[in-house]
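As a starting point, one isolated chain is supplied in structure tokens, in the form predicted on its own.
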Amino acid sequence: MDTSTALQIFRENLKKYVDFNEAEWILFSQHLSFAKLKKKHYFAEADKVCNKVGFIVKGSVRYFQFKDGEDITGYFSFENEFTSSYKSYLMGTPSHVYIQALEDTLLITFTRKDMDEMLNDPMLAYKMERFGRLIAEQYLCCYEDRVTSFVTQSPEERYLQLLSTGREILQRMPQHYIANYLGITPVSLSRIRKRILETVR
């Protein structure tokens, strides 16, 4: 994919948050960079500051942490979604999570320094403040939904929710990552899938 196509995809997706006129877009795009991650390479690593936000043009990433020597999957992001260790990005503190490419992934990125410069630019300040607020709200809502699902739903209910809203995860992710994401073992996931298939028949 060429850079102009990638930028156009990014610009269209940004309209959900802010709509730049041509002069604003030219100025904004000067702060953007491209990053290509090979499969299993990292966008962010635990104990290191994540100073950038990425927009996934193509590919996918997995968020995970280590516990007792095992990695625990917390979330996934796909095309047309943002990715970052957001607390680390905002606070300048070391990240608690790893963000790893699950396939070859192309991202458009901007750093915290870029954001600060745009917030100080009279032409961009208003729209960048709005953009930053809406992204923060989106992260907060995703986090609350994730916590609520673990408090109020059984593993089978969480899996059924994935079937209805997250089919892309089921199609593109290894089964042991999906099980990990649901908070169960691969064996338990197989049992749940078998029960659901028997119910459908």
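Given the structure is predicted, the values throughout are model-derived calculations rather than measurements. Quick note: we count residues from 1 along the sequence shown, nothing fancier. Take the two forms, superpose them, and find the largest set of C-alpha atoms that agree within 1.5 Å; that set is the rigid core.
Another form, the form predicted in complex with a further copy of the same chain, is not on view; read the next lines as being about it.
Checked against a further copy of the same chain in the model of the complex, the residues Asp104, Glu129, Glu117, Glu81 give one hit for a heavy atom within 4.5 Å, which is Glu129.
Residue Thr152 is the only one of Gln175, Gln171, Ser164, Thr152 with a heavy atom lying within 4.5 Å of a further copy of the same chain in the model of the complex. Within 4.5 Å of any heavy atom of a further copy of the same chain in the model of the complex lies no heavy atom of Tyr42. Taking the partner from the other structure, a further copy of the same chain in the model of the complex has no heavy atom within 4.5 Å of any heavy atom of Pro186.
Although the partner is absent from this view, Tyr86 contacts a further copy of the same chain in the model of the complex, with a non-hydrogen atom inside 4.5 angstroms. Put simply, Ser33 is far from a further copy of the same chain in the model of the complex: not one heavy atom of it is within 4.5 Å. In the model of the complex, a further copy of the same chain lies within 4.5 angstroms of at least one heavy atom of each of the following residues of 118-157: Leu119, Ala125, Tyr126, Glu129, Arg130, Gly132, Arg133, Ala136, Glu137, Tyr139, Leu140, Cys141, Tyr143, Glu144, Asp145, Arg146, Val147, Thr148, Phe150, Val151, Thr152, Gln153, Glu157, in sequence order. For Lys52, the Cα coordinates differ by under 2 angstroms between this form and the one not shown after the core has been superposed. Put the two forms on the same core and the Cα of Pro155 is off by 2 Å or more between this form and the one not shown.
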